[in-house]
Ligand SMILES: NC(=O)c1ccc[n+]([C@@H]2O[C@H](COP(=O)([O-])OP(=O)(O)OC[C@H]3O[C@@H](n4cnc5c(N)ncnc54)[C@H](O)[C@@H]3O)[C@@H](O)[C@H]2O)c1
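The chain below stands alone and is given as structure tokens, in the form predicted alone.
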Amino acid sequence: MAKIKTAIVGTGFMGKVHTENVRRLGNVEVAAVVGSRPERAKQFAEAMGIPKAAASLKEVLDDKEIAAVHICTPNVDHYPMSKAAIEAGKAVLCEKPLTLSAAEARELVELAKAKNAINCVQHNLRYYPVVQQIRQMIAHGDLGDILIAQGTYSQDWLLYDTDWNWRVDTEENGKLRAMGDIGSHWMDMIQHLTALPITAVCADLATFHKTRKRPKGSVETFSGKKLQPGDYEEFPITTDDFGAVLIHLGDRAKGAFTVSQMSAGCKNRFSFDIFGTKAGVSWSQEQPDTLWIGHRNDPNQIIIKDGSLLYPAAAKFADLPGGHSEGYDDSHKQVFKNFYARVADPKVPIDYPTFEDGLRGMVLLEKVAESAAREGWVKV
């Protein structure tokens, strides 16, 4: 079978994650990489064994052998790069959030439809096997009618004013940081699992560090703690460190969630609880193979991932047998597997998040920002 050639755009944390996990598919070759500067692309290509360090995105888009591109850049580049790639006839897989605005996201959705372009937004966190089991439990009525959804996405990597990443800069990230970066995951997840749309929000946002100490050189995500005092300069901050949101979900359900990048000890605590009229479930990304199931009149259960015991539609996302953990890298691989199945054969059903999901996410983020500014409820 001829390998599908793809290109990675971005040489930071996500560029590495995408490169490593797309290679696990076997039928996809990372043929080129594009960096913010030619020297960074060259360093990345040498470190990762990629044959070509492209001087620009245009060089990749002009290469007729490359079928797809992964956009793993700061958010400000998502829209123009995705647009250029679609217009060049490439399949496009873009990190989230899809764009800086709903208007940009809507334009990409319409352009992709017009060009019949295969497109994906990387909401990988949907694809832990246990998470997909929850989705199937809800679809099969095991929880009854959904009443309550609550949870958090809490991290601590930006706790100190000396912690820095491009995401704290509005010009590169957009107006919402914690909410846009990880709140987008929580809102996407809860809608994906319950099949219920978020219909209204009431939000409160906080910026605890009004200024941060920006490094004098570039810093990769999660690596700022390694810097020394003399490596910084003061920088004003307007993006959010924390957010809390009340939600209406569908016609009946209610809920609430928080996001934080300043919660000491929480490395990547993405968790949610969903309660229905029959049962409840609870899951945390820091223990991804474990599912708690709660009952009113029977003993509660703790289920450990075993594909042979999951609903068939969930089991297909478990590639390893019971007792063998499948985590963050595997969730990316699952998205890539389904995305490239469609690149290879456009008749294959879509089983991954698309730009339509990215547009829905941007609409919600704008409603959250509006709610926080108005200090009140906003309908979606």
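Sequential numbering from 1, following the sequence displayed. Everything numeric here is computed off the predicted structure, so don't read it as measured data.
We do not show the form predicted together with the ligand, though everything after this point is about it.
J.: Just one of 233-241, 166-174, 208-216, 289-297 has heavy atoms within 4.5 Å of the ligand in the predicted bound form; which?
T.: Among the candidates, contact is made by 166-174.
J.: Considering 129, 255, 97, 183, which brings a non-hydrogen atom within 4.5 Å of the ligand in the predicted bound form?
T.: Looking at 129, 255, 97, 183 one by one, just 97 meets the 4.5 Å heavy-atom criterion.
J.: Tell me, out of 325, 36, 43, 27, which residue has a non-hydrogen atom within 4.5 angstroms of the ligand in the predicted bound form.
T.: So the residue touching the ligand in the predicted bound form, by this definition, is 36.
J.: How about residue 11: is it within 4.5 Å of the ligand in the predicted bound form, going by heavy atoms?
T.: Residue-level check for residue 11: yes, a contact with the ligand.
J.: Classify residue 122 as contacting or not contacting the ligand in the predicted bound form by the rule of any non-hydrogen atom within 4.5 angstroms, answering yes or no.
T.: Looking in the predicted bound form, residue contacts with the ligand include residue 122, since a heavy atom lies within 4.5 Å.
J.: Is there a heavy atom of residue 261 no more than 4.5 Å from a heavy atom of the ligand in the predicted bound form?
T.: So residue 261 does not count as contacting the ligand.
J.: So in the predicted bound form, is the ligand close enough to residue 307 to count as touching (4.5 Å, heavy atoms)?
T.: The answer is no: residue 307 has no heavy atom within 4.5 Å of the ligand.
J.: Check for me whether the ligand, as it appears in the predicted bound form, comes within 4.5 angstroms of all of 367, 371 and 373 - heavy atoms only.
T.: Negative, none of the three is within 4.5 Å.
J.: Counting only heavy atoms, which residues in 44-82 are within 4.5 Å of the ligand in the predicted bound form?
T.: 72, 73, 74, 75, 77, 78, 81 sit within 4.5 Å of the partner.
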